[in-house]
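Here you get one chain, nothing else, as structure tokens; it is the form predicted on its own.
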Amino acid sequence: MEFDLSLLLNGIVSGLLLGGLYAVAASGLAVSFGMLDIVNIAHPALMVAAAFLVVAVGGAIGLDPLLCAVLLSPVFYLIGVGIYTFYNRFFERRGDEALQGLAFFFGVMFIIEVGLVMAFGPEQRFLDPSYAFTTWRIGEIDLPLRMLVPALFGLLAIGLLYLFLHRSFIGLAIAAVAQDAEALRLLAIDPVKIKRLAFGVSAMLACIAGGALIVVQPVEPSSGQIFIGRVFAICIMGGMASLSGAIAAAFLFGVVENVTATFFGPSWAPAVAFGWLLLVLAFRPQGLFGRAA
């Protein structure tokens, strides 16, 4: 294949924009999986559920999908709180969070998928904002706003999450519960309440990611299954509980996947991207940034 610098540059830029979507999707999982050690494989399903609700609500009132996701995020916070409350009551408190807890989140994932099929049908849904078909061109590089706006929106959400985790008392408590829950008890802080709040924040981020997803592409009830491997791989590659590592890994994953698809075809993209994950784990098992927020 003849080398084309313009094609390479566009592949890298498109990969970075795709990485922005992966980053906001993985940031919520970095909270629940990385910080709380909860293997929430239902996280991408929550993201897709949010996308469907954004289509329903945003389409009905004519609101931009990203703004609609912000308005719906408190609803998903409450959903996340409810899911964790049930999980803690029947699994975590008994010490059954390993295998049985994993089965619980499998069940949550399938319930969400079946619920979406029953409520909306199996067809794809989409909601195109006004800027969906606009592309900025800088030299030889194309910047489709369908990808750029959700990526910037996602990075803004991640920035707010970073400030929340590092500048607020509750955020510092979330970081502390990830390290030593018993130390919080000595400070008269209930670690279960902190975990419940953190899981709610994780679900809010799934909602934000769902709003970004529906701008980028149409969704169907099973779309979340495509993202399960990717978001977990990104969290592991970046380093458990490392938000900055998850962002770096998301961009790397997006670029590798997109450049591979550009030059060698889409079928090679997942294999090469996950190959990078294996290389990172082989030479740096703790991930790119280690276990730090």
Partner chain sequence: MSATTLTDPRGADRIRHLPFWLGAVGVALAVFLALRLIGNEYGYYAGYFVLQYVVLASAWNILGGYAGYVNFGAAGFLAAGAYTAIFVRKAFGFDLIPGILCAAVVTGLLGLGTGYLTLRLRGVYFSIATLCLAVVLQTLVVNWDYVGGSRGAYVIRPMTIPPFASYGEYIFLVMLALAVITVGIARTVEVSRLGRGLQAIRDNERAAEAVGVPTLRLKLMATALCGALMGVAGAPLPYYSGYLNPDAAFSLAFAVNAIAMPLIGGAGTWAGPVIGAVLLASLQQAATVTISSALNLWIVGWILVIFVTIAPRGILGWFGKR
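Numbering follows the first chain given and starts at 1. Here the rigid core means the biggest group of C-alpha atoms that line up within 1.5 Å when the two forms are laid on top of each other. All values derive from a computational prediction rather than experimental measurement.
Just so you know, the form predicted together with its partner chain exists too; it's not on screen, but the next bit is about it.
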So which stretch, 245-253, 222-230, 62-70, 47-55, is the one near its partner chain in the model of the complex (non-hydrogen atoms, 4.5 Å)?
-> 222-230
Checking L78, L187, I141, I111 against its partner chain in the model of the complex, the residue with a non-hydrogen atom inside 4.5 angstroms turns out to be I111
G171 near its partner chain in the model of the complex, any heavy atom under 4.5 Å?
-> no
Evaluate G107 for contact with its partner chain in the model of the complex, applying a 4.5 angstroms cut-off between non-hydrogen atoms, and reply yes or no.
-> yes
Non-hydrogen atom contact K193 with its partner chain in the model of the complex at 4.5 angstroms = no
May I ask you to state whether F91 is within 4.5 Å of its partner chain in the model of the complex, using heavy atom distances?
-> yes
Within 4.5 Å of its partner chain in the model of the complex, do we find a heavy atom from each of I41, I236 and L281?
-> yes
Going by its partner chain in the model of the complex, which residues of 25-39 come within 4.5 Å of it through any heavy atom?
-> F33, D37, V39
Please say whether, between this form and the one not shown, the C-alpha of V13 moves by 2 Å or more once the core is aligned.
-> no
Relative to the superposed rigid core, does the CA atom of F232 travel 2 Å or more between this form and the one not shown?
-> no
